[in-house]
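In the block that follows, a single chain appears as structure tokens, in the form predicted alone.
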Amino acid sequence: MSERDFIFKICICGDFAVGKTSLIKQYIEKQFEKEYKPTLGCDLFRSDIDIEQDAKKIHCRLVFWDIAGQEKYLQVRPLYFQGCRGALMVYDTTRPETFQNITDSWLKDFKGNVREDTSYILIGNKVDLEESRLVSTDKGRELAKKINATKFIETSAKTGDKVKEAFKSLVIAILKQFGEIR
């Protein structure tokens, strides 16, 4: 089995309080903090993942750039995207404005500051709040198709539902860009 090593910068994008930091903490630490603490500017996290496919073992170090969603950080946001190889575009299924801002704000900034072939996944977060849901799964699927997202996944940072799948799917999409896997 051949082995390869990669380091990927991954941006986590979306409005404030959509659960970006919670998704990262659930993925890395399998924890959920109930108290909301806004990100100031950008926080960095690191995690490693091994992908085994096609008789290859690929070790990837992931450096997550958790980008603040508040409007006051809009001017510095383009700096955070430099060198990015993939992104999670996150909205809150209970707040339609966060869904709309994926196309109105986040995707425009992202695409204007990264390589054309950079992969991104659309994530509808907070599916555990089903009784408060205002953005349907079908609307999420439609948007993912419209914006050419690599994949659409609904998650719950609180319960951990499909969080690991979201991050792994993004890494696989990036590795496909590099021709490392099919």
Ligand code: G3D
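When you see a residue number, it is the position in the sequence shown, counting from 1. In this text the structure is predicted, and so the values were computed from the model without any measurement.
There is another form of this protein, the form predicted together with this ligand, and it is not shown here; the text below is about that form.
(message) Partner absent here, but in the model of the complex, which of 51-59, 142-150, 122-130, 109-117 has residues with a heavy atom within 4.5 Å of this ligand?
(response) In the other structure, the partner sits against 122-130.
(request) Would you check, heavy atoms only and a 4.5 Å threshold, whether residue 21 touches this ligand in the model of the complex? (result) Judged by the heavy-atom cut-off of 4.5 Å, residue 21 is in contact with this ligand in the model of the complex.
(request) Answer with yes or no whether residue 9 is in contact with this ligand in the model of the complex, where contact means some heavy atom within 4.5 Å. (result) Output for residue 9 is no: heavy atoms all beyond 4.5 Å of this ligand.
(request) Evaluate residue 104 for contact with this ligand in the model of the complex, applying a 4.5 angstroms cut-off between non-hydrogen atoms, and reply yes or no. (result) Looking in the model of the complex, residue contacts with this ligand do not include residue 104, since no heavy atom lies within 4.5 Å.
(message) With this ligand taken in the model of the complex, which residues across 144-158 come within 4.5 angstroms through any non-hydrogen atom?
(response) 156, 157, 158, in sequence order.
(request) Work out whether the Cα atoms of residue 69 and residue 173 come closer together or move farther apart in the model of the complex than they are in this form, the change being 3 angstroms or more. (result) Farther apart in the model of the complex, by 3 Å or more.
(request) Based on a C-alpha change of 3 angstroms or more, tell me if residue 105 and residue 68 lie closer or farther in the model of the complex than in the shown form. (result) Those two alpha carbons end up farther apart in the model of the complex.
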